[in-house]
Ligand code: BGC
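Heads up, the chain below is alone and in the form predicted alone; it's given as structure tokens.
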């Protein structure tokens, strides 16, 4: 069957004939791939910065943001039926008995580093016509979300980040959730999203849905399509080229939360310097290798201590984050249907992989359609 693969040893990306998958365990399902999102990670793998093939292969099938349809189920499968829509997770656990994260199905907290990742590290991805997956690595998608469900995986980045924010900020009396309180736990708090790519825009939607007064701080000057999109669901767009981090803080007020989805260290550390009292800063971006930058470390360190600030990074996602992403996509589709659809720049056939992966980056979210 057809697949898009990267050959790190040959430094090429091409369309290949890939072996068709077969169910080999009772708990496995065979999935027909419907759509695969193209993201910055895929494009970086195609520059050969990282990305490693499985053993016995000289290529890695790309793609980790996928939507599929169940076409065959193993005899031990209980949660899915033929025709169900599903999204797969990305990371697979290591085999070490001492890794408590992986043994608890929380491979997003693997500490050995020997995990594998579909389409990224030592396991083929989903940019192919079919794949086989374990039941526990799949999440059901309601049929009414068929047109937007390929956005689930990028939204899980924000979902896991916010889940951790709630946990760490329970250290503060003001963040404790009283019994019977509204689900909008962020009400009365200010959040800044760094970056206006898909992960940032979806994160902004999630924060608004949770009651935060939200701002997007990105590089491009308005007017531009991303600025128009975020402002269409009530979020001010502020350009880092026109407004300094200090001016941003004056405009926002006390910055309670920063959700970083820009992958640019220089911008991120400037905003970290103006994080508010008792604030939390979440890093999710992985910067491309760049020369070292100058950071006002003394001021940042003083703020961290004297303002009781929290800074942490997050990667990958667990089942709860996937379930939350599917729930929230339903909310977004009801509240902001046009904005959600505006995330999609275009849907393209598999044969368009060259332009999507190797050409100039364009738009917001490009999707490969296989069915």
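Positions refer to the first chain, counted from 1. What you see is a predicted model, and the numbers here were worked out from it, not measured in a lab.
The following text describes the form predicted in complex with the named molecule, which does not appear among the structures shown.
Heavy atoms within 4.5 Å of the named molecule in the predicted complex map, among the stretches 254-262, 267-275, 287-295, 85-93, onto 85-93 alone. Proximity of 196, 220 and 237 to the named molecule in the predicted complex is absent: no residue of the three has a non-hydrogen atom within 4.5 angstroms. Checking 39, 46, 326, 340 for any heavy atom within 4.5 Å of the named molecule in the predicted complex turns up a single hit: 39.
This chain is displayed alone, yet in the predicted complex one of 73, 120, 248, 110 has a heavy atom within 4.5 Å of the named molecule; that residue is 120. Contact annotation: residue 159 falls outside 4.5 Å of the named molecule in the predicted complex, judged by heavy atom distances. Interface residue remark: residue 153 is counted as part of the site for the named molecule in the predicted complex, having a heavy atom within 4.5 Å. Though the partner is left out of this view, residue 316 does reach within 4.5 Å of the named molecule in the predicted complex, counting heavy atoms only.
Residue contact check for residue 312: none of its heavy atoms lie within 4.5 Å of the named molecule in the predicted complex. Residues from 49-69 that approach the named molecule in the predicted complex with a non-hydrogen atom closer than or equal to 4.5 Å are 50, 64, in the order they occur in the chain.
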